[in-house]
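In the block that follows, a single chain appears as structure tokens, in the form predicted alone.
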């Protein structure tokens, strides 16, 4: 392979007004390698990616592709130089077919005499999919695909222009472990084809599995690079946050008495009734593959939907039914959805308004005392280290990690004592993830209770006292997790796939 085959950023600088987003940053991705790009939100990753993919021009420095200098003025110029990008948010047309989405940017290649040839389009898409081992029918509508399949289609669309260097921005953020493994396997195949992959991710386990090198940015500056033989959870975390990070497996404090118990819930017809509990001072995780029924359980437990007929919730010594979010909130329950943009925040409203939403009556009802909830927001900023210009900043303009902290803050202001959370750190950076975990552990340690679901098995192992595994709408295993006897990833993965003996299903395991 040509030693000059590389995508290089040399001394790249970019400022927005007086704010310096990048300061003389160097970065290199060789052809045929996977190079992870890390950093907390606001570190400069997005700015560097935009510059290298032609969406933004630098103020200083240069970009070199395979030995040739470039000054990209548009994404099309970057694409012509052999650079592709797949963004974190899905950008597909759901009512079009897989083939139509893949070929959308190259209609001329699949046309004949000015007319679109559906046969040629399907053949081209099928060739791209087969070349990289993607088993998706090009004639299916995108809306019928699962999250992993949609992400693979987006990557296939980027590959139709045959880029030598491909940026993947948080490609596994919405995927469960099995589908994550499938996507990482595809990244391996791309590397084998000589592609240079720049992987932007917050999941350290993925870096250890697939990356050759990892580079971190911190406050707009180059913070260092680690090679594969230097990878460890501790080393990667320290590279990102700039300090030694103590890693834990399982909380160290003991739970109290049962605070809430969900009984009699049938996730699907014919399944065994769900029976799960969470104690005072306890963090309990609920995990399962896509289709297992975990979201249904969490929504019922959190009062996001009314308690179904036949199910009951034991809360603070009494059996009851929740009639919806307002009822749950009045009983001290705070619910955090995994759909942060759709159901978590009101993007155009200020951070302070978002924090105050469940507590408006406490701030004067219809005659809201805005200064009062600005003050409350300032208190939350101190607790959660929320990065904003002011509490009046629109929450939609904040990073994912800061948006998540805003959502959690509202339940602190509300005074909730039981938190039901879907995906606590989905799409947030390593530093914010650690802060969120520290808050949740401290919240429980101080007398609260936390029931959460997560597709990140390391997150589950880090903070949960107990772990329920759901398969096909039923509890198939329950694990005790502690710093002395942490549950392994293998144990969880096997249980999630129902790869356990029938005699073991009723057991509780701690090794």
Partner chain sequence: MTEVRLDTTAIDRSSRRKLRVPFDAAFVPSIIIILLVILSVASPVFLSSRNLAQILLQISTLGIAAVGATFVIISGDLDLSIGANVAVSGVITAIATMNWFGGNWVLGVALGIGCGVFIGLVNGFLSAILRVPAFIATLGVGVIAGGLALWLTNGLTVSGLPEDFAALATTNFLGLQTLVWFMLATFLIGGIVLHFTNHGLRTFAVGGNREAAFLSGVPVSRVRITNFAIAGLCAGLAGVLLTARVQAGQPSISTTLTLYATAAVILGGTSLLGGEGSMLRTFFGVLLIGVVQNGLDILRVDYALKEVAVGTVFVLAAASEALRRRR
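Positions refer to the first chain, counted from 1. Bear in mind the structure is a predicted one, so any value in this text is a computation, not a measurement.
Just so you know, the form predicted together with the partner chain exists too; it's not on screen, but the next bit is about it.
For the three marked residues, 67, 304 and 353, a heavy atom of each sits within 4.5 Å of the partner chain in the predicted bound form.
Only one listed stretch (208-216, 436-444, 76-84, 353-361) carries heavy atoms within 4.5 Å of the partner chain in the predicted bound form, and that stretch is 353-361. With a 4.5 Å cutoff on heavy atoms, residue 317 does not count as touching the partner chain in the predicted bound form; it lies far away.
Taking the partner from the other structure, the partner chain in the predicted bound form has a heavy atom within 4.5 Å of a heavy atom of residue 411. Within 4.5 Å of some heavy atom of the partner chain in the predicted bound form lies at least one heavy atom of residue 346.
Put simply, residue 57 is close to the partner chain in the predicted bound form: some heavy atom of it is within 4.5 Å. Among 448, 42, 32, 61, the residue placing a heavy atom within 4.5 Å of the partner chain in the predicted bound form is 61.
When the partner chain is considered in the predicted bound form, only one residue from 393, 329, 122, 417 comes within 4.5 Å through any heavy atom, namely 329. Of all the residues from 324-342, those having a non-hydrogen atom no more than 4.5 Å from the partner chain in the predicted bound form are 325, 326, 329, 335, 337, 341, 342.
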